[in-house]
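In the block that follows, a single chain appears as structure tokens, in the form predicted alone.
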Amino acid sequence: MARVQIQSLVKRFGGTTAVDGIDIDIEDREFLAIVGPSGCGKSSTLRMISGLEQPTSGHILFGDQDVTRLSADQRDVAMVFQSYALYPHMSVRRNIAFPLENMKLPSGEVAARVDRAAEMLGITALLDRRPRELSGGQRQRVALGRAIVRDAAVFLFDEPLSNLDAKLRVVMRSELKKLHSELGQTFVYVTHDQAEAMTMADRIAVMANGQVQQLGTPEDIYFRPATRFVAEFMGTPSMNMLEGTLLNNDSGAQFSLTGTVHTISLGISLATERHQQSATLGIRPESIALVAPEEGMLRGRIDLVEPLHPDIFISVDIGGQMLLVRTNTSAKPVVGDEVGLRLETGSLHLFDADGKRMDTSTAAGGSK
């Protein structure tokens, strides 16, 4: 049983709170990614799960066992770090076998486990080499091999792909996903790269300022972000944010863009007693279409065109607010042209002044 429960976990370093009372329930055999910017508390959380750091307060359970005060060697975990941490004087075989030798396992079992891990990772031909003779990707596979031979209940990964080039990171992402499926164990993966989290994880915990902003599937995180932070952090390029005033009356909610004459009809009624309040309207670049000026819900002027084929990214100035459009149009947009913007029905996200999501489930109906 490798269910991991994190309960009201707090970690303080002097007067700084790195982790601020988080709760995460990781299911047996689940692949959970913890993602967020530098300093959000994700690595501190992982180190507390591993036993390398002791929490200030709160509890960590593996199954029904409270392991909060147990040391790292008393927990059934294997960890892969950002640095490969290979012994340069040892062969690949000895590097992988090292934790098993420390466990005093029989030599026959050690050899069998090393051979199985090497075959799984495609590094059998490298077993007699030294780390200096390996590429970065090969060294990362050796570090993974050293972890998986332990046959631990929980595997912990602290930004293991950060030192690899972009092309190799894509390859290693697919290999890690395959490895999770083959091992059938619980994976907890920390990264600042939202693409890694979105492509590999069953669920994602998005952290900021020591707190979990949202915990959900990649689809939940992307299509229904719980906060403005999640909406802007997850997705490349980032979600557009338009500032304005939310008007709520008997005819439904409307959003008036600051600095413009545009008002968007949201087509919903909000459960709020306030008839007017500051708010932010979010929409992803791929959910906007360029149309003729008279046909758009919004109207603006092209400020910048960035070809990144097959897509083209177009920045449109709407009364001082910028809106990024992602399109693959065959037409050649020209800087300075006036254009209309049609916002995709069902793709609007509304956030209040505190950055929390407001219900926009029935989406935009039009503009005036």
Partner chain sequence: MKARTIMVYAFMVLAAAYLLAPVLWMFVLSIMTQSEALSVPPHWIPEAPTLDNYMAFFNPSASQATMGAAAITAMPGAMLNSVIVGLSVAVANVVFGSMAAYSFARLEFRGSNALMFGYLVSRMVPAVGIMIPLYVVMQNLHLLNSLGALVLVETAETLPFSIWLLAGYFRTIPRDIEEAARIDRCTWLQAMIKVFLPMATPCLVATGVFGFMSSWGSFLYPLLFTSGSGNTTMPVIISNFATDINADYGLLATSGMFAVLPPFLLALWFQRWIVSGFTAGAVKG
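These numbers come from a predicted model, not from an experiment. Residue numbers count along the first chain shown, from 1. Rigid core (definition): largest C-alpha set, two forms, superposition within 1.5 Å.
Same protein, other form: the form predicted together with its partner chain, not shown, and the subject of what follows.
For Arg129, no non-hydrogen atom is located within 4.5 Å of its partner chain in the predicted complex, even though that partner is not displayed. Contact annotation for Arg299: none of its heavy atoms lies within 4.5 Å of its partner chain in the predicted complex. Interface residue remark: Gln276 is not counted as part of the site for its partner chain in the predicted complex, having no heavy atom within 4.5 Å. Contact annotation for Arg146: at least one heavy atom lies within 4.5 Å of its partner chain in the predicted complex. Considering its partner chain in the predicted complex, the lone stretch of 70-78, 109-117, 185-193, 223-231 in range is 70-78 [heavy atom distance within 4.5 Å]. The single contact residue among Ala289, Leu168, Met241, Ala85, judged by any heavy atom lying within 4.5 Å of its partner chain in the predicted complex, is Ala85.
Contact annotation: of the candidates Leu61, Met322, Leu52, Leu304, the single residue with a non-hydrogen atom within 4.5 angstroms of its partner chain in the predicted complex is Leu52. Residues of 87-101 placing a heavy atom within 4.5 Å of its partner chain in the predicted complex, in sequence order: Tyr87, Pro88, His89, Met90, Phe98, Pro99.
Relative to the superposed rigid core, Met90 undergoes a CA displacement of at least 2 Å between the shown form and the other one.
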